[in-house]
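Taken one at a time, structure 1 and structure 2 that follow are two forms of one protein chain, written as structure tokens.
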Structure 1
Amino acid sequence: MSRVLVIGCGGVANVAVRKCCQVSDVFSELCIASRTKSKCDALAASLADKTETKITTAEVNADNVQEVIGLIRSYRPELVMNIALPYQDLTIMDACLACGVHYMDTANYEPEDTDDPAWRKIYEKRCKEAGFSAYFDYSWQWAYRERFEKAGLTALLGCGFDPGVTQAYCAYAKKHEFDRIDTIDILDCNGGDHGYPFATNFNPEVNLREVSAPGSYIENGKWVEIPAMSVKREYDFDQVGRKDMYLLHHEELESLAANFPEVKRLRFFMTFGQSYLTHMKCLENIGMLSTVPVDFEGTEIVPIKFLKALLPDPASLGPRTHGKTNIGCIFTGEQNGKKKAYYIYNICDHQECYREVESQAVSYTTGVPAMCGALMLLTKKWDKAGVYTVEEFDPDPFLDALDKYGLPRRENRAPVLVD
């Protein structure tokens, strides 16, 4: 019996809340809070006669730490599930520390204003020292470790699919399949078709920044950075088929490099169609991906925020998206003195997701792990004070929960490797 505050009411939050309501013996009370309370009210109303979970709603500006503190003190949850924007991670972590409440999110911190001089100074120092230039990294949240430890609180970072489940797959492989892991390739394939010429499957501000940034990977303990979309491979994905995939920078590489220092190479690949890439490059070339405000007829607007308003809402894609996702990890290494390869992955069907929770599979594959991570914390299967990423916990109960609640694992012990 637990009381949980969910901050955010987009596509992923919709899935996470609906899945929490399927486990009402643990999630006995939920408060859904967002800047737009009407969205929370609509979600709560749609679940009113379908769950025993008691649902309330609230309005909150998650950019304002005092507002978040006020809401937490009023509602008194045991856990705050941050399913808002990564820009708001630190604000919500500050509020949780002030109120003595456990914290979790689905993506690591990045700033909304990448031209802020104070942030820029720290960022440029990190680029030189670490060797990669992505705007998002774990250093800002890892800086909270000692405070969460002293407070006896847990902060669980990046508990979606990637990051999240992919790190649990890595911990599982290390625990059960290998004595030594040499390489890890994370492959994210979305074989879905929503019918639009161009749309993003999750928040456009986050998605387009991520994809347009330089790619990077870990080789022998060091970052290697490459131009955006400059490394392409083709892979034949189970139940999806052959797809082009591109090497990207992704946040779990950073934490895996820290927690699995023996691994010689860490890479992340994601599939994209040519139409998506052409549209994105055009938008980038004309400045629509910029976060720098511009004056338009006397009004200051941020181009990427304006673009977000023009694009289809990712939460609206569910009814029209068909096809499947395939996300997992390919490992090479050694067990019992013999070299081996191992592939653990999940396949998720867009239409099956929509029938269950009125969502496409990209939101589903993030929302279900968020619920399962919260389940681990609330049932004390994951229970240690501090700031942690998923691979730092026992993967077994988490993967068992994913198997049970909609994202079952599959295995291939003779996978085709990525060259």
Structure 2
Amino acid sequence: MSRVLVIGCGGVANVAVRKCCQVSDVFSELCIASRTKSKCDALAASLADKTETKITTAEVNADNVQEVIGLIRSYRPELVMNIALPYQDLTIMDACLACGVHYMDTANYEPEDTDDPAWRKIYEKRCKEAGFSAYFDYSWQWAYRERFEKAGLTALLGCGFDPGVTQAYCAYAKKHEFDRIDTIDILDCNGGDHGYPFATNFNPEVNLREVSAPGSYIENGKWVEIPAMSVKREYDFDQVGRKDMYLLHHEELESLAANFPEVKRLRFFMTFGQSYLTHMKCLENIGMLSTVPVDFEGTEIVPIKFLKALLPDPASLGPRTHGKTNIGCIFTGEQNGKKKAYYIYNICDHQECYREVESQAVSYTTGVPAMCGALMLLTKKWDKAGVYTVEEFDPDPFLDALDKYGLPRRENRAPVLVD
């Protein structure tokens, strides 16, 4: 019997809330809050006669710590699930500390305008010092460790699929399958097809960053940086088939590198179709991905924002997306003196997700782990004060919950390895 405040009402929050409402004995009361209360009301209304969970809604501007504090004080939740954009992670953490409630999110903090040249310099410096390439890193949120510890509160960071489940897979492999892990490859494959020649699941700026940022990975215990999209592999994914995938930097690499220092090689690969990449390249070539305003008939127009206006609304892709995602980790190492390999992954079907929660698999695979992470905290299966990423907790009850609530694990003890 818990009371939870959910901040955010986008695609992922929609899934998380619907899943929480399937576990009403734990999530007995839920408040959905966002900048646009009408969206929260619509979601609450659609669930009204389908759940025992008592749902209320509220308006909140999460950029404003005092507003968040006011809402927490009036609703008195045990846990705040931050499922908004990652720009508000710090203000919400501040509010949780001020009010003495637990915190969790699905993606690590980044300042809102990473394209602001002044900010950008700061990130680049931070990341360079950290030794890898990214515009975001955990340092902002790790700086809260002592405060959460002292307050006896838990902050669970990045509890989606990747980051999130992939780190639980790592903890699981370490606990049950290996005495020593030598390599980890995280493989994120989206075999979905929305039928448009070009559209993006997220906002195009995020997509652009994925394909245009340098990649980085751990080799022999050290960060290696590579030019964007310069390492490509083909992999035959279970139930999806052969796909091209590219080595990227991805946020969980940072915490995994810190928590699995014995691992010699740690990489992240994501699939991109040739058509998607061709469109991105063409758009980049003509300057359409630029964030620098262009004068057009006397109006300042930011090309990438105009692009967003032209592309299909990401929310409209759900009903028309077919196919499956396949996300997981391949490990090599040793157990009982024998070399071994192990692949643990999940397959998720876009249409099945849509039928269940009116979202396709990209939102589903993030929203379900968010609910399961909250479940771990509320049921005290994960119970330690401080700021933690998923691999720092016992993976067993979390993976059991994922099995039960829609993202069952699959295992392969003779996987094809990635070169």
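All residue numbers here refer to structure 1's sequence, counted from 1. Between two forms, the rigid core is defined as the largest C-alpha subset superposing within 1.5 Å. All values derive from a computational prediction rather than experimental measurement.
Asker: Here are two forms of the same chain; which is the form predicted together with another copy of the chain?
Answerer: Pick structure 2 here.
Asker: Inspect the rigid-core superposition and answer whether the C-alpha of Lys232 shifts by 2 angstroms or more between structures 1 and 2.
Answerer: The answer is no, as the C-alpha of Lys232 shifts between structures 1 and 2 by less than 2 Å after core alignment.
Asker: Using a rigid core alignment, state whether the CA of Gly241 is displaced by 2 Å or more between structures 1 and 2.
Answerer: Moves: no, less than 2 Å.
Asker: Would you say Leu153 moves its Cα by 2 Å or more between structures 1 and 2, aligning on the core?
Answerer: The answer is no, as the C-alpha of Leu153 shifts between structures 1 and 2 by less than 2 Å after core alignment.
Asker: Can you give me the Cα shift for Gly298 between structures 1 and 2? Core-superposed, in angstrom, one decimal please.
Answerer: Gly298 C-alpha displacement between structures 1 and 2, core-aligned: 7.6 Å.
Asker: May I ask for the C-alpha shift of Glu210 between structures 1 and 2, in Å, based on superposition of the rigid core?
Answerer: Superposing on the rigid core gives a C-alpha shift of 3.4 Å for Glu210.
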